[in-house]
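Just the one chain here, laid out as structure tokens, in the form predicted alone.
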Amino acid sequence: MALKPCRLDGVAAQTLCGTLEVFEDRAAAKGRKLSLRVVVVPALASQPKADPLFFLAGGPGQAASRTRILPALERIRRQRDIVFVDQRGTGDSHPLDCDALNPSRVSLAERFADRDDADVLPRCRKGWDADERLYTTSIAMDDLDDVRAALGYGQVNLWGVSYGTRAALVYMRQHPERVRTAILDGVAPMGQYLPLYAARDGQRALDLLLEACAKDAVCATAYPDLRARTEALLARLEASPAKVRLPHPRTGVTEDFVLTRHVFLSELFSLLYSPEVASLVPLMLDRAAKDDWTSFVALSLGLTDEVARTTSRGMFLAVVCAEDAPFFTEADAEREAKGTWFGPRMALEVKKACARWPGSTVPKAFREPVVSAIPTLLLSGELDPVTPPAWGEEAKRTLSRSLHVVVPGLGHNTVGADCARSLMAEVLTRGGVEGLSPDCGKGLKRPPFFTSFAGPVP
């Protein structure tokens, strides 16, 4: 594969970019071709190791080349190339983008509309020159192996984050001889069906947050009875959506919009991914309970741009409609969400949208656990709302040479902890997990809660 010097947005390091063409229909080996975007960040060493680190992004639908995680990999980059491949359907690899599913710079009324993906999906599909049945993880991991071969690497090390951990597991099963080590951060094992367990796992993270606030003297004083007041707020929104009028945080123009309980909870769920962002949630809940939506809107918009910049929403559906939705029922969604504030709607909406999706297939036994002796480091954030530590334990059961490390005080993705980055570098240096300490972040805890927009109490 020919690589040329290029620059990535937000990345200071010199990078090399190229493309690799693959058949959209790999089985037929004919017809439309897709051009996969490949980015290589060369190792700093004059004689680098032969096995690079391949990054597998989350989502599903996130473009690897648009993430800004390179600074976290400096220790690894000293000896090894870092490789980013936009999985088919993402980034610059024939993306299944759809603004209607992923609104960014729109009015507040559009941004917080209580819409159903299934209703806007036909508009999105008209804009895609693609056979959506062929954008599955199994097919993409064969693409990835083509990239590996085209770049001349015999073996690679994998680092998967969130959905990228599923992708890594599938690659480990389909091409085991090509994997030297694997790092799974925010583990989504084959037994986790997206988004069947989101309500349950999100409620756990929210409960942990509310409990932490209640136990913290400063937070409890600033925001008394926060759980009860949040429940009352949700009841009010259920009975009657809020009619909100406030200046758009970016334009300053006053706008009106309606906020439903479902949309409020969906945004709240997203705010729990990062403990730093979540440190503002008690303040936001307190203001919202007083019918002040300013902080809620500002926090929500802060997350929107990054998602829109990096993620193709259509690709999310391409994966979950093939690999997740067929494997759970509406009754399963009701059961798993029972007793949660979030409820079953996230899972039910996916079922509804996927009912209109063209029939995709996955390999037989795709949902069976991945059994492997490849050295694997599993990392989980204690406070993760979507891939909490229990999922890491599940994956570990069939990975015979693995180590699962839970980092306290962290949410989705642990690379923010220096000890996690050290463990990642150690696994690659040793080529295994034997002898590594499972302790990471001892003494770490969630960031202090904001008691005003100036920050936490010093």
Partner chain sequence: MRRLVGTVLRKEVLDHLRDRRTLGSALLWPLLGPLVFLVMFNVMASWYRQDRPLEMPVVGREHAPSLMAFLERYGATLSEAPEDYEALVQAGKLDVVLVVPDDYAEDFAQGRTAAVRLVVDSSRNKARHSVQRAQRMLAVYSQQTGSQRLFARGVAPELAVPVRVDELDLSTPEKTAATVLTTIPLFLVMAAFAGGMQLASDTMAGERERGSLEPLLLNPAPRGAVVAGKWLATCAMAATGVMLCLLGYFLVVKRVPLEDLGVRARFDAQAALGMLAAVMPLVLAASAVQMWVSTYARSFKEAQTYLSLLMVLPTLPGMMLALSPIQTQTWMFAVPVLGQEMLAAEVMRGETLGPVPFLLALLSCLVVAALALRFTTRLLSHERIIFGRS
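Predicted, not measured: the structure shown is a model, and the values here were computed from it. Residue numbers count along the first chain shown, from 1.
The same protein has a further form, the form predicted together with the partner chain, not shown here; the description that follows concerns it.
*Asks:* Work out which of the listed stretches, 363 to 371, 296 to 304, 212 to 220, 183 to 191, brings a heavy atom within 4.5 angstroms of the partner chain in the model of the complex.
*Replies:* Careful reading of the contacts points to 296 to 304.
*Asks:* If you check in the model of the complex, is residue 74 within 4.5 Å of the partner chain, heavy atoms only?
*Replies:* Contact check for residue 74: yes, within 4.5 Å of the partner chain in the model of the complex.
*Asks:* Report yes if any heavy atom of residue 390 sits within 4.5 Å of a heavy atom of the partner chain in the model of the complex; otherwise report no.
*Replies:* Residue-level check for residue 390: no, no contact with the partner chain.
*Asks:* Evaluate residue 4 for contact with the partner chain in the model of the complex, applying a 4.5 angstroms cut-off between non-hydrogen atoms, and reply yes or no.
*Replies:* Residue 4: no contact with the partner chain in the model of the complex.
*Asks:* Determine whether any heavy atom of residue 311 comes within 4.5 Å of a heavy atom of the partner chain in the model of the complex, and answer yes or no.
*Replies:* Flag for residue 311 set to no.
*Asks:* So the partner chain isn't shown here. In the model of the complex, which residue out of 124, 283, 337, 147 has a non-hydrogen atom within 4.5 Å of it?
*Replies:* Residue within 4.5 Å of the partner: 283.
*Asks:* Which residue among 68, 430, 396, 26 has a heavy atom within 4.5 angstroms of the partner chain in the model of the complex?
*Replies:* Partner contact (heavy atom, 4.5 Å) among the options: 68.
*Asks:* If you check in the model of the complex, do 250, 409 and 446 all have a non-hydrogen atom within 4.5 Å of the partner chain?
*Replies:* Answer is yes for this spot.
*Asks:* Any residue of 416 to 432 with a heavy atom within 4.5 Å of the partner chain in the model of the complex counts; write them all down in order.
*Replies:* 416, 417, 418 sit within 4.5 Å of the partner.
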